[in-house]
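One chain comes next, on its own, written as structure tokens: the form predicted alone.
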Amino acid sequence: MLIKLTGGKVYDPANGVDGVVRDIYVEDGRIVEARADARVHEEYNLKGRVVMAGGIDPHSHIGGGKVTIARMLMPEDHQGQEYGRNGQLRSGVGRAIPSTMTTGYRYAEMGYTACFEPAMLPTNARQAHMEMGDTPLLDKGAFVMLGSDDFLLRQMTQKQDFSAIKDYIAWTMHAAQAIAVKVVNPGGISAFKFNQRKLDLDEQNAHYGLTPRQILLTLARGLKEIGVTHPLHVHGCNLGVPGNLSTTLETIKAMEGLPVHMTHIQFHSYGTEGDKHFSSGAAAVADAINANTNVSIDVGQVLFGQTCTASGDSMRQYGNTSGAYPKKSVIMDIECDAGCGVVPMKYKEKNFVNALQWCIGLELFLLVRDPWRLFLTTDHPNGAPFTSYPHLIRLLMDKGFRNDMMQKIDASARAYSTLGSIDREYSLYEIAIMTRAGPAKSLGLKDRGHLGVGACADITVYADMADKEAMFTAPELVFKNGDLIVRNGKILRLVQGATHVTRPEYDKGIEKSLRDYFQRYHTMQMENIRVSDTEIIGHDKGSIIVQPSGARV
């Protein structure tokens, strides 16, 4: 069946299309060439509408143990409201940490068609995939966590051949069904278990004698050489600590030009100036990003209201428990992999630190020049729920609205920020880069994030409104694989997305030492770690898309 989307104003940065009126043809779930003799079965008149590819969120915590703990820790987040339960929709709840199916519904209602879980532990991969599989309407994928795991740190301490380390990285990606690799507080989660309470870039882990710098370079080099498209996804040292600006700048230098993605960079951009010894380092970080083209970032914007922070960084989350709201938290160890910390948080406009965090994130968005290396995130749910993206987009596109919002925040924070002097306003083209084309390119999704011939027909249609928050909150039409799934912000039908994975080559000889290691140190055997294709395709009623990796070096 041939579908024609007629006369929309198309924003497709991957193909250099900036607000050009053109028709789009869809057949068998793909965008196809126009054919003069073709019979159109269904036509949508999109005159005056804005057309983009489906949104892609490259960093949102939607599956795995820490999210489940957050849901259990905050029953109040699930009270007094219900979502869905009409027609084929299941009921679901949650604002800051919505349930699995509600997560899929709310992303799709905003025009998003893909979402990536950034912190999946190998021993917890099965649960993460089951939760993502229960999240409808979206393509999914996950970044497996390495860098505080005992096996890798033993390899490095014993100075094993680098080929064995690459084999372990690749094996872990296969076993966990991952698309990329993330490192969280490199070596720091492990150090916390040996009673260290901080670990800077060149401090040694008390047990292994390794520094975060060594771990970062090992993982970044390994991923490049085994051909994984997405760079090492780095949650750096000293998250949330005043003065961590210097660590962030040194981390960028430490990468020695290797590809790296610095995640939720807002939480790593703090100085110590002023009476309260807390200040914005956004300008210095933005300058470093602008000068180093090997670096990409997402922001992790803080927005005001109740949420729940959930992270693998047990060291830093332990330090955050004093600021918990409500006053409860969970800090835990997880096998020999890493750990996690869950701490509820309420960001307040009149709180100096929270208000300055809000300013710092927006400063970063507006001072980093290249939107192809800058992705729109709130580090859901850590900075704010993902449902606040339309509000964030309006802050970036509308200086007048941004200035109005600045008048509501703590006055002393406002005085410490340069935000009011920044005139930049994002264009729709730049928003399409940050939320579509850029993440797709970074993750290697060659047929997502754009509207060229051959692309998957994930398409979002918006009314062209002056109020960008209203515009991006409820798109008029959303197509997933060519199926109309949302009309005027309401779900019409459910479909199941694919799971994206990367499968670099490795020497299966690594499995002998891994099998012995799991037998000796873990509560589950090596074979039980593996998540099979059948579990994703059969049990989740989804599919697997293997993203290509480069030749092994």
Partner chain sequence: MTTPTPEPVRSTLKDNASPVAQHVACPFCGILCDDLEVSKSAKGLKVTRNGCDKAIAGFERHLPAATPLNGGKPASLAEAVTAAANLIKQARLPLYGGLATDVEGMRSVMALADVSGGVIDHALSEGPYRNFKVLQSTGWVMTTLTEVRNRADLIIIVGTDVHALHPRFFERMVCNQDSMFDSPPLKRTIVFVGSGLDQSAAVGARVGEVVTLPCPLDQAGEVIAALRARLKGAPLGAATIAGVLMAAIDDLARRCRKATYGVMVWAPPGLNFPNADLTVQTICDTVRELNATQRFAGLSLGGNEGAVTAGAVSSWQCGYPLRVSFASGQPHYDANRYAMSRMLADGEGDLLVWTASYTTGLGVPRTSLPTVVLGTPGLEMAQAASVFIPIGTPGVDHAGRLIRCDTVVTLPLTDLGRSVLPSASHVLDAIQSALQI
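Residue numbers count along the first chain shown, from 1. Please read these numbers as outputs of a predicted model, since none were measured by experiment.
Same protein, other form: the form predicted together with the partner chain, not shown, and the subject of what follows.
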State yes only if every one of D333, R520 and S532 has a non-hydrogen atom within 4.5 Å of the partner chain in the predicted complex; otherwise state no.
yes
Can you tell me which of 426-434, 322-330, 369-377, 394-402 lies within 4.5 Å of the partner chain in the predicted complex, counting heavy atoms only?
322-330
Answer with one of M471, I252, M130, L217: the residue that has a non-hydrogen atom within 4.5 Å of the partner chain in the predicted complex.
M130
From V453, I422, A415, M72: within 4.5 Å of the partner chain in the predicted complex by heavy atoms is M72
How about Q79 - does it come within 4.5 Å of the partner chain in the predicted complex, if we only consider non-hydrogen atoms?
yes
Please check if Y44 has a heavy atom lying within 4.5 Å of any heavy atom of the partner chain in the predicted complex.
no
Taking heavy atoms only, is Q525 within 4.5 angstroms of the partner chain in the predicted complex?
yes
Are any of the heavy atoms in D410 no more than 4.5 Å from a heavy atom of the partner chain in the predicted complex?
no
Can you tell me which residues in 494-508 come within 4.5 angstroms of the partner chain in the predicted complex, by heavy atoms?
R503, E505, Y506, D507, K508
